[in-house]
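Shown below, as structure tokens, is a lone chain in the form predicted on its own; questions about how it binds or moves come after it.
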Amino acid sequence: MSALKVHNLYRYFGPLKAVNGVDFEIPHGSVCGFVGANGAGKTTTMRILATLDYPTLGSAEVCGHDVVQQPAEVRRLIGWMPDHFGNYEHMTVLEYLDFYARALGYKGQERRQRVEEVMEFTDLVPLAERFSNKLSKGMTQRLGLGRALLHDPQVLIMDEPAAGLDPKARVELKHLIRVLAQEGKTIFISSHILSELGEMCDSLLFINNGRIVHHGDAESLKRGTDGVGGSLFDVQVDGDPQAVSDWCVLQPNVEFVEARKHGGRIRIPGDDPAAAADLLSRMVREGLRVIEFHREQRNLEDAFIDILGRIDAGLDPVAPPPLPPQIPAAAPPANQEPT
């Protein structure tokens, strides 16, 4: 059983298809990054998983519990950290967490102990007497994470937790997420900072126009071919760097891309490690004194742009799912606005 399972999920706001046939599964104990442009459908999908919105069609489950049919069970299992959440004037950090612990049903010594554990984990103890609405952005995000962790959820759903944070606060947040992952929690996190997602996530989901266009690990994206279907290598030689360019001119299927101080960048077709090994062997046999030869990795931003480029070119990697024949009885809130 997966921690999160979404099948054929649709969410319409009038003519707008905010979520348009989404399917994915996330296993227990993994960290999955959710990537997409503003308006791509990330927040709407997350709100449905958090039982804060209804799907128009399809289903979503948390640890086997349907978010529409079993919302109370789902809420006990998840910690929801939205991109923005309310603070209360004249309420300290300690009072804020104690208030939510009471709302969750904690009493007496158990409540005090749980609040202390969460404050220690999120490094909020020094801020206990600070007013909760007078914190910096980084402190506020730690407070939001603390609130989401009070009932020790199995699954954390985090919508843009790093947005607006300074570098130090991002490092602190990333550390906390790594610790939670090591404890076996499933974390579903959206962010625009793809490089950081790549460092801490086991897999990445790319969504575009309400549809999933990629689901895989970050390393496979970095190793993938570039936008023209080739693999880039940095070649450095002992001696005249012009030798790399001169050698490439005489080789079939090898393109000299850019000169560098001690050699240059070259492109070869495809993604075959054996072809790269053969290329290096041929260079050495034919007299190039190679001192460094390594494949350049794409950053995740480039990978995401490449995927969107293939979609724009009509090479959509995900075929659109068929429209389900019936609409379930559950209706969305009348005043709900698209996110």
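Note that residue numbering follows the sequence shown and begins at 1. Since the model is a prediction, treat every value here as computed from it, not as a measurement.
What comes next is about the form predicted in complex with a small molecule, which does not appear here.
A single residue from the set 262, 112, 175, 192 has any heavy atom within 4.5 angstroms of the small molecule in the predicted complex; that residue is 192. Within 4.5 Å of any heavy atom of the small molecule in the predicted complex lies no heavy atom of residue 290. In the predicted complex, none of the heavy atoms of residue 270 sits within 4.5 Å of a heavy atom of the small molecule. The small molecule is not drawn, but in the predicted complex it has no heavy atom within 4.5 Å of residue 29. At the 4.5 Å threshold, heavy atoms of residue 56 stay clear of the small molecule in the predicted complex, well away from it. Figure note: of the listed segments 56 to 64, 276 to 284, 302 to 310, 40 to 48, the one touching the small molecule in the predicted complex, with heavy atoms no more than 4.5 Å away, is 40 to 48.
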